[in-house]
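Presented below, as structure tokens, is a lone chain in the form predicted on its own.
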């Protein structure tokens, strides 16, 4: 079959080499086009081929740079081995321009989905990976053997800088470790970045003094690249250990730039996956979240939103989310036919701390722990601020739900002696015993801790 530049790319007898970058696609050809023909077009267009025979092709190019389609299945799964010399090491935009570029616009394809990528050792070594990884994050936060518990300030946008800082204060003093900006909170007229950062970090410092715990503020610096650097510099000046970036909307080049910047300033990256649904939602088209997570780990984010295994409001089947978590945490991932996963050894690339966020409440904690373990960040938005008695009580209920889970006690049993959890159960589930707590009393208690003696941040 010589249909794409007079080159045969389909070779089911080919055995991939260690120096091959392997790609796993799900291919849906248009009516009248076979999967084999579509695979030829994908391999050619993403590498050295073109639509017609050309005079500038020579045997040396074809021999050294030609990719091979080595597996085609009836369900549309196509695996292609690309010689690593086709790609520039350390250049993720360049790599994706080949394997996820023009091929998506080809007329012969009705749909195309990039499922997974196996990177070679040469390419792995050309990227930095996470600066801190799971172990480093635990050193920063001083939280060991349990999940990091956090919240996203709600509403998503609309609060002033002062209101934002006050909500953060309530959450931290209620017992949460982390407060995060929402993905679309940047620097609006009603809540400017600089003012919000200063007020919220000041609230963070006060919360640390009264709780004697490390508190983390994930400040969203998402913007044009140079502006991100300026915002990150302010975060560092204010004592921040992290920056938060919407990695897909800023683009992979910007993520690589900020990874280098963070290396110099010893700051971690919390990666939000806003916009991923545009790429991942259609199971036959786009790019699988598994591949996006793998790229994110390679470039070097320290924390990454991966979903809630269908427990919360976000789409994502449990087996898919758990496969992603396994991939970002482990040093070797083995081939798994069901998830279209390719074997990958990570070498010296550190693991990423997974983030479960979206529609969680205190009631979600036992199931999240059973499914996803304790090396995870749990983020509660409405599940904290939607508590009948407000954010402070919501934060306490979350911490209490973790305590019950850690001790192996049911939430309903633990709620008998923990009023905030009891109230959460009444709103989001069923409690065996009704425990009332006046809203005013809880708010008063939250404000009272502000008067405690100040101590220096560790």
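Residue numbers count along the first chain shown, from 1. It should be emphasised that the depicted structure is a prediction, and the values quoted were computed from it without experimental measurement.
Not pictured, yet referred to below: the form predicted together with 2-carboxyarabinitol-1,5-diphosphate (CAP).
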How about residue 305 - does it come within 4.5 Å of 2-carboxyarabinitol-1,5-diphosphate (CAP) in the predicted complex, if we only consider non-hydrogen atoms? yes
If you check in the predicted complex, is residue 285 within 4.5 Å of 2-carboxyarabinitol-1,5-diphosphate (CAP), heavy atoms only? no
Under a 4.5 Å heavy atom criterion, is residue 359 part of the interface with 2-carboxyarabinitol-1,5-diphosphate (CAP) in the predicted complex? yes
So in the predicted complex, does any heavy atom of residue 183 sit within 4.5 Å of 2-carboxyarabinitol-1,5-diphosphate (CAP)? yes
Answer key: of 154, 236, 340, 128, within 4.5 Å of 2-carboxyarabinitol-1,5-diphosphate (CAP) in the predicted complex (heavy atoms) is 154
Looking at 300, 147, 240, 381 here, can you tell me which has any non-hydrogen atom within 4.5 angstroms of 2-carboxyarabinitol-1,5-diphosphate (CAP) in the predicted complex? 381
Name the stretch: of 265-273, 104-112, 324-332, 204-212, exactly one has residues whose heavy atoms fall within 4.5 Å of 2-carboxyarabinitol-1,5-diphosphate (CAP) in the predicted complex. 265-273
